[in-house]
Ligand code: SAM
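Only one chain is given next, in structure tokens, and it is the form predicted alone.
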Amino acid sequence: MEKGNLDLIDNMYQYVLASSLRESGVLNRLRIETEKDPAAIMQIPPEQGQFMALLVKLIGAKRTIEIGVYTGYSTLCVAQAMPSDSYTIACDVNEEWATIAKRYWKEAEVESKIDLRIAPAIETLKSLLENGQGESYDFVFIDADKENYDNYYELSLKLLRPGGLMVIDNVLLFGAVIDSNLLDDKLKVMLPENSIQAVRDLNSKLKNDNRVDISMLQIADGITLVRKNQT
């Protein structure tokens, strides 16, 4: 199963890319290199990265958090969209993938904007809160292990400023939130039932969470936009 809109026929999807995608050369090279990795399904598609960059510009984000970096494509999309004095906390646990990310961040001359934290993201988020950084971030992107999605959401909500924006990735899980049998054999290994249930639970929680405004969009593997309400 390919990552892309679940019901968009291939030639129409290609038309969307041909008509709207403005992918920089360094982003394109990073995406192509990542496609060779056995875990490449984890990489966001380019139109999602461009959409996130637009969101960051729309809200004037200068302080952001990314939970789940992989090889750094989404981080680079956001960093390129922000001004030179911006700051991103990038959370991951995989040094090998981070090495690829850092190479492309340096090539794109955005490495000074990115503070890479190789540690469990929950620990990093808690440390930010303990250091008095609550309600000081403009934008958060969550795209990591699904079992911890609710933990990431709650901690990120505390770090996000009122009016700030969160993007939660993989909220459709290739259709598995409706029927896990839609997954192919490879995805079934990557997405055990507890991961699928964790996403279902968060989706249900967000529907009724009056702390935020939400919109679930059928972009890529599904994303939910979460705006923290003013207090």
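A residue's number is simply how far along the shown sequence it sits, counting from 1. Small disclaimer: the values here were computed from a predicted structure and weren't measured.
Not on display, but discussed next: the form predicted in complex with ligand SAM.
Contact with ligand SAM in the model of the complex, defined as a heavy atom within 4.5 Å, holds for exactly one of 121, 155, 78, 114, namely 121. Exactly one listed residue, out of 180, 195, 43, 203, brings a non-hydrogen atom to within 4.5 Å of ligand SAM in the model of the complex: 43. Ligand SAM in the model of the complex is not approached by residue 133, whose heavy atoms all lie more than 4.5 angstroms from it. Using a 4.5 angstroms limit between non-hydrogen atoms, residue 139 is distant from ligand SAM in the model of the complex.
Shown alone here, residue 107 lies farther than 4.5 Å from ligand SAM in the model of the complex, counting heavy atoms only.
Put simply, residue 74 is close to ligand SAM in the model of the complex: some heavy atom of it is within 4.5 Å.
The candidate stretches are 139-147, 99-107, 79-87, 157-165, and the one lying within 4.5 Å of ligand SAM in the model of the complex by heavy atoms is 139-147. Of the residues in 51-67, only 66 comes within 4.5 Å of ligand SAM in the model of the complex through at least one heavy atom.
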